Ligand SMILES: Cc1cc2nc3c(=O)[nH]c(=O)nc-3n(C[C@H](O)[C@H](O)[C@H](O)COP(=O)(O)OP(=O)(O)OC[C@H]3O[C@@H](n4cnc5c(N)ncnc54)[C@H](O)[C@@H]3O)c2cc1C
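Listed next as structure tokens is one chain, alone, in the form predicted on its own.
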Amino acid sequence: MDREYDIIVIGAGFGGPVAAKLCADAGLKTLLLERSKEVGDKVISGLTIPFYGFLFAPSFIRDGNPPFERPSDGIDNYIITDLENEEIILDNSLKVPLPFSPIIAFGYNTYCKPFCQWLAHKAVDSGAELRTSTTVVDFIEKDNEIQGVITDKGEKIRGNIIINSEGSQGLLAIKAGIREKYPAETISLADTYDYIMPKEDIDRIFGYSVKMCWGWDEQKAAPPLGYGNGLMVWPYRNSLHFMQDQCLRLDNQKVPNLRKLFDIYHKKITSKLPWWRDLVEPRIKLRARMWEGFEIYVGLNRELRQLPLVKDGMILIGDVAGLESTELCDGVPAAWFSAEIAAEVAIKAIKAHNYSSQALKEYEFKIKSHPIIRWSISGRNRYNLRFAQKTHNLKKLKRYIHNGWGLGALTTFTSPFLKMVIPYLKKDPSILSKWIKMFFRYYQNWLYESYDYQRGTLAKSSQMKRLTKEERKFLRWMRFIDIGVVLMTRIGKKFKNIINSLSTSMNTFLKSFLPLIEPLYFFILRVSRPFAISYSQKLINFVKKANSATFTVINERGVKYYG
């Protein structure tokens, strides 16, 4: 008996719609199921999506016009040693330097709901069927093979392969016998305050920076209970999020009264932290308070990390597969990467009419060997903060913060990043110019709120058909870069082993030499600042006036994406 669908995707968060779109693009009959009445209702908070998520995302994200609220140029870390006496150390070393900032961004701050809706629109446009208000409660199973789903309405829907993107709780994955319940020590609860704030105030007070606070536990400021978590403040277009988080249980198996503690910490820091108290508090209005859980330390648990990600007829992606970033509390890039890999493996399995776990094992192998995913789920700086806090070791505290959310992050991130970049350059020599156009297009879209499925309008000057001298010059530079990459890749083939060795050893090199390089780097930034500010403003003015076609990318199907 033929099954109703080739692919059934459970969950329309960040990963599910991506998998659904890519499967539908391949001509597979695809169904996307979402339990909420509207896509995004269960992920209504916000976050920063790091730049590497967009660089290595499926091309329709990278070359498209996704909605976001504000580009981010980096992180301001406030290390609070004595809140009462306002003794605070600032580490803001992880910043995209001028003149590249703010157009070249560290990441993009976004509300989850509109972004997930954008992704779902893309899936539907490609031919996927979307059903909301539909909760999967069980599976159709025969001889240990998942052959479909059973909904809360009692409907039985048959599918050849189920792509499970249900989120961090993973109740269906547990029911299917693939995963186990995550222990409370690995789950963090986020307490988020959503404030309205005039855009001009956010521009002046925050600029493009995310702010994080760290300190000693007895101050009852941040991070709560000395458990390695902290306080984060995300600026959006005309609102901001104040978020503090804490694991559900501590090492000694105590279950803290999080609601009570969160209230204490929130009151303490909003009344004592100088920049919040004096600059932010008088200009904000509370709009909502939200609670959300995420599986922050699953990747550090060896037993959980070794659990399977596939079963006969089923693939797990995103949070349900335990792919949350330990340092950044962000699972979006991993959701996109795993969704794309799952779609590739599922398409191949459908064509072969083989839905067994053996056929789907390729997915598991690719996830466990993915450089960015492996790096993302294995960082220990946030986890290790507790050891510095227990002994009040300021040197350790500063080192963990610098290595997690400062320039020291390069000592763990550079090698996996290069291992991703090199194959991309080999596969598509034009990828570097596509990335550059992405940054410029995204910034122009931010300026004019011009996103797909939204009514934002570009300035008249940006819609002119005739390109200006500056725009033609920009495009010539892009062609020059493409030619340069082609030549580099040809030369690189002769030195393949050397290049691979260098990329692998970059983390080790930076661990030794970054402390020596940093002073010179910051000296150059200080000396060049007047020029950098001036040139940055010229770039911004160029983007403001540019024809949106200047930043257009033509995808594999010959489709043009416009801002």
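Everything quoted here is computed from the prediction, not taken from an experiment. Residue numbers here begin at 1 and follow the sequence given.
A second form of this protein, the form predicted in complex with the ligand, is not displayed here; the remarks below concern that form.
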Taking the ligand in the predicted bound form as the reference, which of 73, 194, 166, 327 has a non-hydrogen atom within 4.5 Å? 166
Only one of 93, 134, 378, 270 comes within 4.5 Å of the ligand in the predicted bound form by heavy atoms, so just point that one out. 134
Taking the ligand as it sits in the predicted bound form, is residue 294 in contact with it (heavy atom to heavy atom, 4.5 Å or less)? yes
Heavy atom of residue 299 within 4.5 Å of the ligand in the predicted bound form: no
With heavy atoms only and a cut-off of 4.5 Å, decide whether residue 514 touches the ligand in the predicted bound form. no
Spell out, yes or no, whether the shortest heavy atom distance between residue 317 and the ligand in the predicted bound form is within 4.5 Å. yes
From the candidate stretches 61 to 69, 497 to 505, 528 to 536, 31 to 39, select the single one in contact with the ligand in the predicted bound form, where contact means a heavy atom within 4.5 Å. 31 to 39
Using a 4.5 Å heavy atom cut-off, are 8, 313 and 367 all in contact with the ligand in the predicted bound form? no
Checked 42 to 68 against the ligand in the predicted bound form; residues with a heavy atom within 4.5 Å, sequence order, are 42, 43, 44, 45, 46, 47, 48, 49, 50
